[in-house]
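Given next, in structure tokens, is a single chain: the form predicted alone.
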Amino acid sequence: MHIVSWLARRVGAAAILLWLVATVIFIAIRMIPGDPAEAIMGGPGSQASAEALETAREQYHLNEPILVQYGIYLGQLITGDLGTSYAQQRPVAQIMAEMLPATLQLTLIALVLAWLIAFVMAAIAARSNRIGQVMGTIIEVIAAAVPHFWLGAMLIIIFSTWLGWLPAVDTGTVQGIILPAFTLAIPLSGFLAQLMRDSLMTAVNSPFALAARARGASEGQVFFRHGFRHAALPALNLTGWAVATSISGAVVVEEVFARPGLGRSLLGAVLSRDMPMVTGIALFSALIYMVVMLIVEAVEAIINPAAARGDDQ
């Protein structure tokens, strides 16, 4: 595949996805009951005057027809203007720049932990007997199904309240990120482990693994050099989804552990109908997803060049 046509298709797909995300957000915000002008002025409790509300409607074009509002909204996004937060009265880009490092740190640590936990679970299950495989499957399903808020509460009770090992809220230290990271990583590891286990078991019993053993390769070499490389591909395909899941899960995790970040900011913005803030975070999340998927495609081509060449044809 020519690099220019490949990049053009990806950019086109990215533009369509961002447009869809922006449109869904616009519609969803407009469907929330209440007057958007009140949200701009601080909510119903602000007791803003009728004149102030009318001024807000004119300033933010809320008195225009819905299609005109939509056109203005898209025009601002195209120029890179995310607007000003209704609640904080500061540029959305500035707020996101302040909150982004904390969320990226949590997400990256959680992804690494999820991959490590998934690999350990898949490796143990793949090398166990039938009973061990069944037990491994049960553990994976439970891990994948557990809600973030319940898991976070349980980890706080056990490791903070009972044992006193770790803080219950984020303290800005290494200890403070451990419980949030595991809360985000454990459910994700359950999904990844299910994919890796099945692929790993298939890989270590495949013809190329038998040929490697015939050439004198040890079980460890077959397991790690051949089996894991092929087992990682299905899980790697889910990395883009995993990043999106981690960012959405951060909404709950950051709230449970009182950790500042984009997730907690998004929750507050939704509750206060802060449309510019919701739009900015959602579009950024979609952009991160697309960038990660491009990286995943490149990594897959490195791990499995034959499949990449076949796709290009």
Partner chain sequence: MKRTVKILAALFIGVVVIAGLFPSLLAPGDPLAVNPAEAFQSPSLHHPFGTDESGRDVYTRVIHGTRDSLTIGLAATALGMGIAIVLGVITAFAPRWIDSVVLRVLEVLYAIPTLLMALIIIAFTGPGTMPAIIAVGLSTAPGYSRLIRTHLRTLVNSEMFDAVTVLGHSTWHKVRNHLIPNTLSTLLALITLGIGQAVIWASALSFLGLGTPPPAPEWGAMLANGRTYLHLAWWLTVFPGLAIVTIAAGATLLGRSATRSTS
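Treat the numbers as computed from the prediction; the structure is a model and nothing was measured. Numbering follows the first chain given and starts at 1.
Keep in mind that the form predicted in complex with its partner chain is not shown, yet the notes after this line are about it.
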Selected contact from Leu108, Ile178, Ala93, Met154, since only one has a non-hydrogen atom within 4.5 angstroms of its partner chain in the predicted bound form: Met154
Identify which of Leu116, Val141, Ile72, Leu100 has a heavy atom within 4.5 Å of its partner chain in the predicted bound form; exactly one of them does. Val141
Consider Val21 of the chain shown here, and say whether it contacts its partner chain in the predicted bound form, taking contact as heavy atoms within 4.5 Å. yes
Would you check, heavy atoms only and a 4.5 Å threshold, whether Ser199 touches its partner chain in the predicted bound form? no
Is there any non-hydrogen atom of Phe182 lying within 4.5 Å of its partner chain in the predicted bound form? no
Heavy atom of Leu17 within 4.5 Å of its partner chain in the predicted bound form: yes
In the predicted bound form, which residues of 90-121 put a heavy atom within 4.5 Å of its partner chain? none
